[in-house]
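Shown here is one chain on its own, the form predicted alone, set out as structure tokens.
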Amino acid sequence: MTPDEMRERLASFVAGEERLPASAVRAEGLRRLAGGASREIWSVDLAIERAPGRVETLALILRKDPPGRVGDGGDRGTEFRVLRAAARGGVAVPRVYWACDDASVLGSPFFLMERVEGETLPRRLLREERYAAARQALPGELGTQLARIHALDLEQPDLAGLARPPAGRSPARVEVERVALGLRELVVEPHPVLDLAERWLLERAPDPPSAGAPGSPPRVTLVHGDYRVGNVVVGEAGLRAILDWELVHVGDPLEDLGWLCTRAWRFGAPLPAGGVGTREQVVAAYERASGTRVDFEALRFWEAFGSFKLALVFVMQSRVYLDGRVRSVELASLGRRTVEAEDELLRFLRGAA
């Protein structure tokens, strides 16, 4: 599909959704953005004429499945509904507008959301002087926003369809078994470190109650699934929006805190919480906002699990390339990074992390 065809189809789709004539909607400035190894991300401006001479212009982001990857990482309809629920719950997210699961429109399912201006590249956020104030604010903001995500009512219609961990089972054990199964299905060569890590994690998986300090009630909440620097839009004053909800699920809320502290998401910075703060800073903000207490031993488990899950992400991305579904050098290179996750897991196994 050429960009011109894509613009015409997108404008026609929005006109249909808004019950307007096709000529009332124009799609302009369509361009694909860099990044997004698993989803295509496009920037587009929509000019909508709802009445003669009254044109509303929306600056939008279009997220769609790449050809050959429809359904990988959840579906766009789920992501759309979760974003809508998060906005109602006071979470800093882009406003969503329209979703489409008809692949005949643009070649794969997609949705449109507000384009939030700001920086997402960790290398700039963690190093450039103009983001110094943002780096000071981020530990508190990340903890507070995460508490809002975990407070969302799972029974509301937009979230009620999400799968829950089996009743009576530790969400931690369920997640370790899910990742281990994915690895066994996808690896193309032996990974003894990952086999050892699976055993180590299963021996230490917190049983319910798992999401708080001893004595705290067990909590099963919405889990963002990819909550980290790099998936947030940041301005010079701090956090503006949380992105990339494609791994959202229901589980143990400490999974998100552990993932934020996973070594890979520090991007070479010394501070453990996303490269911007200490674990204690983020946890303190989270505890204040959520009214719960965090068990640091359980947090350590989830931090180790983060590297185990990251190994699956790398293996999964490289298999998309190896299987010939998407010819992307980025996907091919990610396979080589599995060793980084294995190296970090060895640090946990040795007690050095």
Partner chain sequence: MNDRPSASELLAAVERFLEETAVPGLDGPARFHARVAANVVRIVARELATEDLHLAREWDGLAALLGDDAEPPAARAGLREAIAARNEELVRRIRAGSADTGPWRTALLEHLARVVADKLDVAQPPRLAQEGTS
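Fair warning: this is a prediction, and the values are worked out from it, not measured in the lab. In this text, the rigid core denotes the largest set of C-alpha atoms whose superposition between the two forms falls within 1.5 Å. Residue numbers count along the first chain shown, from 1.
Not on display, but discussed next: the form predicted in complex with its partner chain.
The partner is absent here, but in the predicted complex a heavy atom of 122, alone among 272, 238, 225, 122, sits within 4.5 Å of its partner chain. Checked against its partner chain in the predicted complex, the candidates 76, 191, 279, 115 yield a single residue with a heavy atom inside 4.5 Å, and that residue is 191.
Among residues of the shown chain, residue 18 is not one whose heavy atoms approach its partner chain to within 4.5 Å in the predicted complex. Using a 4.5 angstroms threshold between heavy atoms, residue 199 counts as touching its partner chain in the predicted complex. Although the partner is absent from this view, residue 337 contacts its partner chain in the predicted complex, with a non-hydrogen atom inside 4.5 angstroms. In the predicted complex, its partner chain sits within 4.5 Å of a heavy atom belonging to residue 333.
Against its partner chain in the predicted complex, the set 264, 268 and 349 is in full contact: each member has a heavy atom within 4.5 Å. Stretch 191-199 is the answer when you ask which of 191-199, 163-171, 250-258, 142-150 has residues with heavy atoms within 4.5 Å of its partner chain in the predicted complex. Here residue 25 does not count as shifted, since its C-alpha moves by less than 2 Å between the shown form and the other one after the core is aligned.
Fitting the two forms on the rigid core leaves the C-alpha of residue 237 displaced by under 2 angstroms between the shown form and the other one.
A movement of the C-alpha atom of residue 226 falling short of 2 angstroms is seen between the shown form and the other one when the two forms are aligned on their rigid core.
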